[in-house]
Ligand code: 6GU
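This document starts with one chain, in the form predicted on its own, laid out as structure tokens.
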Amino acid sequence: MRLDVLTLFPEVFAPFLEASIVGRAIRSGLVTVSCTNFRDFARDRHRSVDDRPFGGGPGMVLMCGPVFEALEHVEARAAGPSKRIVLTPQGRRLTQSLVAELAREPWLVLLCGHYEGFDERIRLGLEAMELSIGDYVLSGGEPAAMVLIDAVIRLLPGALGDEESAVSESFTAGALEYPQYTRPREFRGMTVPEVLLSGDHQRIAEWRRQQSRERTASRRPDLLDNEMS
């Protein structure tokens, strides 16, 4: 898989792309991730990428020119179509099922907005998917891009040490994950449920299903409503 990130702050991605599962997947060749700076495609001596909004109002808006040229530069370097994604609070909400769809794409290009966002003609002209990671506002699209990159990469075959890990996690089956325990068996008066020590795999599986459903009903009943609708 190939991932390209278009951003004003490529430097914030360096430590993220070197660590944990993401870093291991990159080093093993499962995925390549490249960052491109919009500012490298500015045309004036100040390397301007934003300007005041027409009609007035606070903040600055990212201009069309540097964004279009950065994307065209990235896409010209490889064959085949990319899946363009604009990270924006106005976009479709990211879910685990959507992550699974995107993990099957060979090439994702992520565009990170900043300031007051993109000139509307960028959205119209690029015909990109608009994606939001939640109902809140960030200073820029970079944290959202990292969330998406992490979620997608962990679904790539070979990215996780145990492929069952991705299957049993929260939201994968439409519910929250069951409680997990490890050694020691007792810690400050808190003990591991006996069923997990029984060696009875059928009982353990049933306990986990029950715990998953109870936890979902308590914390995220909307997920169960979606399952029944």
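In this text, residue numbers run from 1 along the sequence as written. Nothing here was measured: the structure is a model prediction, and the numbers come from that model.
Keep in mind that the form predicted together with this ligand is not shown, yet the notes after this line are about it.
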query: Among the candidates 144, 122, 155, 109, the residue which, in the model of the complex, approaches this ligand to within 4.5 Å (heavy atoms); finding: 144
query: Heavy atom within 4.5 Å of this ligand in the model of the complex - the one residue of 133, 126, 149, 159 that qualifies; finding: 133
query: Residue 88, heavy atom within 4.5 angstroms of this ligand in the model of the complex; finding: yes
query: Distance check, residue 74 to this ligand in the model of the complex, heavy atom within 4.5 Å; finding: no
query: Partner proximity in the model of the complex: residue 138 to this ligand, non-hydrogen atom cutoff 4.5 Å; finding: yes
